[in-house]
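First, one chain by itself in structure tokens, the form predicted on its own.
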Amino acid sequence: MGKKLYIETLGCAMNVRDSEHIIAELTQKEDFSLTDRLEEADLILINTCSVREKPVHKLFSEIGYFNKKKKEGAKIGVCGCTASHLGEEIIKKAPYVSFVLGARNVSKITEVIKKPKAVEVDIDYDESTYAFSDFRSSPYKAFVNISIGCDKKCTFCIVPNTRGEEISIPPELIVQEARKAAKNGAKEVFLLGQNVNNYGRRFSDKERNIDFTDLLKMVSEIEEVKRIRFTSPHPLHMDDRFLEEFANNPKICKSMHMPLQSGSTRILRAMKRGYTKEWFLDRAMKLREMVPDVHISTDIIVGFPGESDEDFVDTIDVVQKVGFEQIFSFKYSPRPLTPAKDYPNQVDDAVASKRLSYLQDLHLSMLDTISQKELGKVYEVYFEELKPGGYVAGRSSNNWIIKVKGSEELLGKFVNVKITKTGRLSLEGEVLA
């Protein structure tokens, strides 16, 4: 009988891909098989996020729960970004944790499970040319890392201190991985990086003259790849060449994530984001002009230290002018190892909460108008998930979640769907013959 692995993943798509790498290494090299039953697992892993304060607090309650529920002899491991910045402190607070594995050290998983109380959290470790074993959570789409780490110095963000210096993965490895996934049935490839359109700035093996636009062209040449998505691009690097490739390459899905963070140039400067309100609006408006049906999503932080009412009004102005189809919005959360936690003029929590509620209520009302315009439209949907009630769900190129009545026969197929019912976050339709 083989050993059982239970893994819980918190946070972003990069964490999802890291978990897939961990699963691949353990199932193919160490005789583990996945289980969704905590009580039968021989190894329990939690892959953590540290971008905001809440997931960090959740970590210790989660591993305490795991310790109570695990069977005798089972090991608990803590992985990911929180592992990177807390390191040995995790084992000191929770002695029943068997090992700690940082976000930059995923390839060491087969080693640390054999070392009692191992702590591997080197953020300078280079995995950019490591060939991971292969595992996919979905047979229909493939997450592919194109870089590791981050060179930006955003004053609110802990990621450079948990994932280290930005290094691009060699393009031939990316293309090879995408081609293999596509030949195995994944018609959609999702390229991942902290700042994908900064790709090519630094490689660890040799100098290369390639950027993200070049990489998009290379991946689109793979015949079996029908759709390409990516996250997250940085507004600072959205030059005309990149936008033109996005607009004109038919394989690139017409959905763009543009992290705004704040609409105030003064606050953007304090955040060290590198662009102004005017630059962001120029790029977003150009995108709307070039791709009329594009969906633009964003991240917004309210209550950043020193944010005044006027600064918040600037953010609302950008929201209204761009008309984001999706907004991930949060109150500012002071993170360790970041300059902003020590800034003066920290915004009162009640003020930040009021601003967040205003922003979210405004966007909900905007979504009502946006979604109503979708009624009667026809989209090509790539179906990838069964839903309760006899539904099958997929996405349009511009990232609408669309469900229809149907069965598993639709999974992995592109089908034209006419929209018959609208909602703020998803649509419903009927399959066209």
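What you see is a predicted model, and the numbers here were worked out from it, not measured in a lab. Numbering starts at 1 and follows the sequence shown.
The following text describes the form predicted in complex with ligand SAH, which does not appear among the structures shown.
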Where does ligand SAH sit in the predicted bound form: which of 174 to 182, 206 to 214, 329 to 337, 285 to 293, heavy atoms within 4.5 Å? 329 to 337
So in the predicted bound form, does residue 186 come within 4.5 Å of ligand SAH, heavy atom to heavy atom? no
Does ligand SAH get within 4.5 angstroms of any non-hydrogen atom of residue 395 in the predicted bound form? no
Wondering, does residue 157 line up within 4.5 Å of ligand SAH in the predicted bound form on heavy atoms? yes
With the cut-off set at 4.5 Å between non-hydrogen atoms, does residue 349 touch ligand SAH in the predicted bound form? no
Contacting member of 43, 366, 404, 51, with respect to ligand SAH in the predicted bound form [4.5 Å, heavy atom]: 51
Given that ligand SAH is left out here, which of 299, 224, 134, 122 has a heavy atom within 4.5 Å of it in the predicted bound form? 299
Residues in 173 to 194 that come within 4.5 Å of ligand SAH in the predicted bound form by at least one heavy atom, in order, are 193, 194
